[in-house]
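Single chain ahead, by itself, as structure tokens, in the form predicted on its own.
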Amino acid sequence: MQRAYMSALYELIRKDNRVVSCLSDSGTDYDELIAREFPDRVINFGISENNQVTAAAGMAAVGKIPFVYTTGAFLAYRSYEFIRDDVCMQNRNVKIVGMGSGLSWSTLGATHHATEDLALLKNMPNLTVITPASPKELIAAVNAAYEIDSPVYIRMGMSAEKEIYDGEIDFEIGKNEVIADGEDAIVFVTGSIVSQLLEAKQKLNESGKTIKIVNVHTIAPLNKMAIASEIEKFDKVFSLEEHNVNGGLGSSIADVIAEFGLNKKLTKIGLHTFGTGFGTHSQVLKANKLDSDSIFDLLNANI
């Protein structure tokens, strides 16, 4: 995901001198390469995320397009007030990119997990919230964010996420993507955990069960009408996210069910407390029952 992000950002910096990369002691080899070519367009604020966000708001006020990039947990939690007051309240054209979504900072524990960020940010006025599922979708999201003149939060993984798309993708903010068809249940999913769901889907197929998978990459603004239309077709409805089930995608789906008066039961799959365990991302997913085997077991028992 990081390579995809830096590639997309590099192309934007090359074509538009308004684009600025704002870092917070999170530089990579890719950042260093960009900084060599564009030394005045890459600014490392050090471990000072609040200043990073506020400075970006100031840049946007004078016509720049800053991309603020660092650990998602620090942006969403430590800099929440600054995102709210300096960026969203002023409707500044700042792109906030949080790396390490969900449990992907797996070796550093719960302090670095971004598992409540959607709950905090999806209801922020003026803020578009996107959770790409794969490197290709991340590139598309970065380019789409660049095109709109308003704040955007992009939530991305950092653990060699799998590509789920074979060819080019038709990405549009607010347009959900159907990535698998099925008849027995529908699963709304967001973020790179979709790759675990696709593995679970194959196991379900071997058991004679099929599921429809809808990738909800845009959490805000949420395409409520499209979601309601899909829910009406199924008796079994699930949500899946690498995030706490309270306040995330699952809560948004539940709101749609209530708002549209749909007589459906929703089963939320995700975290119910802070993430636990240390190790590789795969190991931590398994420890928190968000790996493909655990997802399969839950779906298989409820379909």
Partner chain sequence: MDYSMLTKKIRKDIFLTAYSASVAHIASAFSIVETMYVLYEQGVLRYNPENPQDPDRDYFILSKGHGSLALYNELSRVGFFDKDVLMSFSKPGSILGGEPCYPNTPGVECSTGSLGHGLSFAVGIAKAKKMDNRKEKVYCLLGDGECEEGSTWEAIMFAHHMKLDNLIVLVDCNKVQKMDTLEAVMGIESIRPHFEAFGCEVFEVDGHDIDSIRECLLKDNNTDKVKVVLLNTVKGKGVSIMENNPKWHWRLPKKKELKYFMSELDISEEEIRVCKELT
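Small disclaimer: the values here were computed from a predicted structure and weren't measured. Residue numbers count along the first chain shown, from 1.
The same protein has a further form, the form predicted together with the partner chain, not shown here; the description that follows concerns it.
Put simply, N44 is close to the partner chain in the model of the complex: some heavy atom of it is within 4.5 Å. Looking at F171, you'd find every heavy atom of it more than 4.5 angstroms from the partner chain in the model of the complex. Although the partner is absent here, V245 lies well away from the partner chain in the model of the complex, with no heavy atom inside 4.5 Å.
Contact annotation: E81 falls within 4.5 Å of the partner chain in the model of the complex, judged by heavy atom distances. Comment: the partner chain is not present in this chain, but in the model of the complex one of D235, E259, D40, E32 has a heavy atom within 4.5 Å of it, namely D40. The three marked residues, I96, M124 and T128, fail to reach the partner chain in the model of the complex, with no heavy atom of any inside 4.5 Å.
Partner proximity in the model of the complex, defined as non-hydrogen atoms within 4.5 angstroms of the partner chain, places exactly one of 47 to 55, 270 to 278, 237 to 245, 250 to 258 at the interface: 47 to 55.
For the stretch 79 to 109, the set of residues having any non-hydrogen atom within 4.5 angstroms of the partner chain in the model of the complex comprises E81, F82, D85, D86, Q90, R92, in sequence order.
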